[in-house]
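One chain comes next, on its own, written out as structure tokens in the form predicted on its own.
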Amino acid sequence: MDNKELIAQGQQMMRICNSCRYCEGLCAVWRSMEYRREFAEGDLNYLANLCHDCSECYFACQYAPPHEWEINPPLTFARFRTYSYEKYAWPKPIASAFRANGLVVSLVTALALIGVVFGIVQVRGQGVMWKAVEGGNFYEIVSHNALVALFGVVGVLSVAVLAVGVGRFIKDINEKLSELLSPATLKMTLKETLALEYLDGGGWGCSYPDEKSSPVRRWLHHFTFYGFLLCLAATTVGFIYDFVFGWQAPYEYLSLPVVLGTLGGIGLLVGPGGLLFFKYRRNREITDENHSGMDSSFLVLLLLASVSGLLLLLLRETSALGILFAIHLGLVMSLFLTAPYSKFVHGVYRFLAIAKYALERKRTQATGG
């Protein structure tokens, strides 16, 4: 299906759904739908990213297959999300390659970056890759300056590419960043985002992985979301320790960065591992099979980075330190480099979509609609 056919299909589906409105109590998508009579391409991309993919609407729909209208919001919105990731991403050739086979691209990128770290270590010589280092000091393997330079380049590239995508998404949904992030809107958006409010399927949970409603998907997203935030917090605290107080890693096992990172790593074992397990047991009728690799790549990299990070912590005073450090570093850099093209961007676009929905409610109340 090409993009024009997808847009036409989406518009037809939303016109039918807007006439029916049986699902209006399930989530924000159907309430936001009611503010519209026509659905431009930007509206469809907005609604697709506002969708939390709980699938309750599919099993509640009287027009779902085998009905001749074949109304299938989970599948249609999944295709729109994939389309939107590629549409907003830059540069386009990388985005297209990632859509074709995101998992392979992610793993090849990780292997390449692991190879770069190996090369940097070998330049230092003295066999540091293969011997135990006192206190697990990984700066004996890769220097402090080299690490800062590596992550500095990766971080700047990732943020720059992501910023392009965010700008394009905001323009496409006809909003301004200043309004989306205004204090009142931001407060409501954070509340609904941090609670993963729209993963409750209208109060029953997601139809996941089958027709039976369950809160399991919401729990797994909580583990993933907060695990990622804890790891980010650990990195931030480590940065402050290093650049503000001059306390260089490695830190003690009960230090704040290590505790935060360990808890985050456990969350990123449980969350992505569970989501991957259930993803491949899910009803195939509502799954976008053509782009499952793109959807899985972010979860796979999170899981591998978590496993390698926890092993690195446990074995940092052994001869396995060097090899584990190179692997973990390559995986983390690959995670950030591929983030603007992977399912990670859906978290960013979803946040902005929830902000737009908050604005829509506020505007409707102001006009008495």
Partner chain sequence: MTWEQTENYDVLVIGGGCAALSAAITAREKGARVLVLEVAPKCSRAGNSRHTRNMRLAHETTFPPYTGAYPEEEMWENYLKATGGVGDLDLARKVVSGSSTVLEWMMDHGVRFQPAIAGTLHLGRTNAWFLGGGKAMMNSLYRSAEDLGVDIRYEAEVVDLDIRERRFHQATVLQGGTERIGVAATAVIAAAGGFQSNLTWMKEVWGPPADNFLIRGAPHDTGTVLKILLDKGVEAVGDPTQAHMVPIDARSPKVDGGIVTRLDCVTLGIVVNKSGKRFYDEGEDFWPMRYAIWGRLVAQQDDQIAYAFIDSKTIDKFMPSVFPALSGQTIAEVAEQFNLPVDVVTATVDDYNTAVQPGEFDHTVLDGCKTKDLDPPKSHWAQRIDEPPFYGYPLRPGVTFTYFGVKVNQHAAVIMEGAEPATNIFAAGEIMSGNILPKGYIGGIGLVIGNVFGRTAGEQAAAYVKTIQQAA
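Positions refer to the first chain, counted from 1. Since this is a predicted model, take the numbers as computed values, not measurements.
Not on display, but discussed next: the form predicted in complex with the partner chain.
Although the partner is absent here, residue 18 sits close enough that one of its heavy atoms falls within 4.5 Å of the partner chain in the model of the complex. Within this chain, residue 24 lines the site of the partner chain in the model of the complex, having a heavy atom no more than 4.5 Å away. For residue 62, a non-hydrogen atom is located within 4.5 Å of the partner chain in the model of the complex, even though that partner is not displayed. Among heavy atoms of residue 201, some come within 4.5 Å of the partner chain in the model of the complex. Think of it this way: in the model of the complex, the partner chain has a heavy atom of just one of 252, 197, 179, 211 within 4.5 Å, and the residue is 211. With the partner chain omitted here, the record of contacts in the model of the complex names 62-70 of 336-344, 301-309, 322-330, 62-70, defined by a heavy atom within 4.5 Å.
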